[in-house]
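The chain below stands alone and is given as structure tokens, in the form predicted alone.
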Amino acid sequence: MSDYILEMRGITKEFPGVKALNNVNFRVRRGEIHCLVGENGAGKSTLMKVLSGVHRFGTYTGDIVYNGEVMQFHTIKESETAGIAIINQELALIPELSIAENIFFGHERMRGRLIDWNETTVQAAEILKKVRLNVNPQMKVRELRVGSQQLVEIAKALSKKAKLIILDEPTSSLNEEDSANLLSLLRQLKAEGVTLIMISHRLKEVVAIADTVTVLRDGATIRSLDATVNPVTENEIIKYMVGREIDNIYPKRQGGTIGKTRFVIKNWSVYDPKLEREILHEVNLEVREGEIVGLAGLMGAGRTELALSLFGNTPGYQITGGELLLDGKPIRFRSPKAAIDAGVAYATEDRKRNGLVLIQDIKFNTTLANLKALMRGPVVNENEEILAANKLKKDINIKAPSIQQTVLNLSGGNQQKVVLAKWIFARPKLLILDEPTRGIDVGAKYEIYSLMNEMVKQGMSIIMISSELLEVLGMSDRVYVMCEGRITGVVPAEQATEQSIMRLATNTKEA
């Protein structure tokens, strides 16, 4: 049998007006971890959707050779039957079903003609242990945060006992500790004979885990690098990804000064009736004009809950104490609209579900948060709207044919740029960015970091929530760290290290 479990030969896939894949060749050795990298829109996810049957046979040209046989997958079910499982970046879970039901959905644990619920729960609990998710298998998926839902997706794939598992950005929703656990799990699966294809923008993880790295750019295969022969570096991958060297992924801020205090949080406490406990305890934080304040912490530390409660988006939360000051004046937002009107904006960590109207175009999404700026009497001035959207598309380098492009059809990096365009058009004084570069390639990250620098240079204040410690260190002027709903420390950027932040994030004293 061939050393290659998979060969994709001359794969070409077109969408209306776009050639997403152009004669792509891709080979994967049996029992290896093969990382597929490239900028957003390079064709990585499209290639894997061709492999898994999402894009069925007949909608592309070229051959898929799996275990020495030419395959023609018309559905995902057919590829799963052949031993291929895919975990898409977009979660495919049913919120109202339990975790156990989601894990075994479509391949239920049966006793005769009936589902064996006891066995379902027992097996689900065993798989959840493998992915380091300590929750009740009977809990509904909707009660989990995005990061935990991603782990359920991975558990779901593991339950199918596939020989080839495709993971599309599996760690994009995870913090550093959970990501490390997952990479450890992938190494264990490899040792057990499972072949893994991983799409990732986290090059540090790619370098750490990959046996082979294949780079796609503009829908074409650029290079495959064998890490078992020669070590592969991040700079080498970046060079092939973007076609040029990027010396410093975190651009230095040029000009601009940090001014007076813009926003103050004093003794902010929040109670969650669902959990029947306080989730934020006397949080104190301040941000100055022209400053980027990083907010670090492990998953569940309370960072997103803090952001939502500040923004007036409190899903059942009760504010039990504390006060907010904006430019020295006491404020309290009872709705996101009130926050936006006052000059406070929040870019959610889940752009697809909460940040964008995916079925609408770039123009609609860009101007949505500040339509009043375009109102002429009771109607929106469409000419001004078009001019504003086109200007932001150009300024932020949103890669799309026009502002009429549906946002659903954009790459993740360009979707994130549309989110930022929306809030730039709203002209906030304070912008809260929750995981601003999650699932985004290194080139798009650089552009977003440059955009953040330009915003604060012009006097905006930014609170950046991030699970990537290097991002926090690279972009922040000061770093606040949270653990279990409390601020455990604040560190100037020049004094902060990964170790010092992690100690504060785990509330561990220095030995």
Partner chain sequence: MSQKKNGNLGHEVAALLKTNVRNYAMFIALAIIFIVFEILSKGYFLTARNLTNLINQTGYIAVMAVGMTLVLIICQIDLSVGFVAGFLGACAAQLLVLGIPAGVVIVIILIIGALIGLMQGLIIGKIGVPAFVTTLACEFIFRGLLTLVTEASGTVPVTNEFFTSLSNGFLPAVFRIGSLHGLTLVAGILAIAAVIVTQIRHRKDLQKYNFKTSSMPVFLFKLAFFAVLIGLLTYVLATYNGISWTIVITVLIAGVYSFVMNKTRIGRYVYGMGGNVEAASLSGVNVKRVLISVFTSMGVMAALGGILYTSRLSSATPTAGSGFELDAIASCYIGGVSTSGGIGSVINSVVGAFVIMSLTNGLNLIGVGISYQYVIKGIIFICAVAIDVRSRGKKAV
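Bear in mind that the values here come from a model prediction, so they are computed numbers and not experimental data. Residue numbers count along the first chain shown, from 1.
Although not depicted, the form predicted in complex with the partner chain is the subject of the following passage.
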Checklist entry - At the 4.5 Å heavy atom threshold, is residue 352 in contact with the partner chain in the predicted bound form? => result yes
Checklist entry - Does residue 364 reach the partner chain in the predicted bound form if we count a contact as any heavy atom within 4.5 Å? => result yes
Item to check | Any non-hydrogen atom of residue 378 within 4.5 angstroms of the partner chain in the predicted bound form | outcome: yes
Next on the checklist: Can you work out whether residue 422 and the partner chain are in contact in the predicted bound form, taking contact to mean some heavy atom pair no more than 4.5 Å apart?
Outcome noted: yes
Checklist entry - Which residue among 348, 411, 309, 200 has a heavy atom within 4.5 angstroms of the partner chain in the predicted bound form? => result 348
Item to check | Heavy atom within 4.5 Å of the partner chain in the predicted bound form - residue from 182, 369, 213, 127 | outcome: 369
Checklist entry - in the predicted bound form, does each residue in the set 165, 187 and 236 place a non-hydrogen atom within 4.5 angstroms of the partner chain? => result no
Next on the checklist: Quick check for you: of 319 to 327, 109 to 117, 400 to 408, 213 to 221, which stretch puts a non-hydrogen atom within 4.5 Å of the partner chain in the predicted bound form?
Outcome noted: 400 to 408
Checklist entry - Of 333 to 349, which residues get within 4.5 Å of the partner chain in the predicted bound form if you count heavy atoms? => result 336, 337, 340, 346, 348
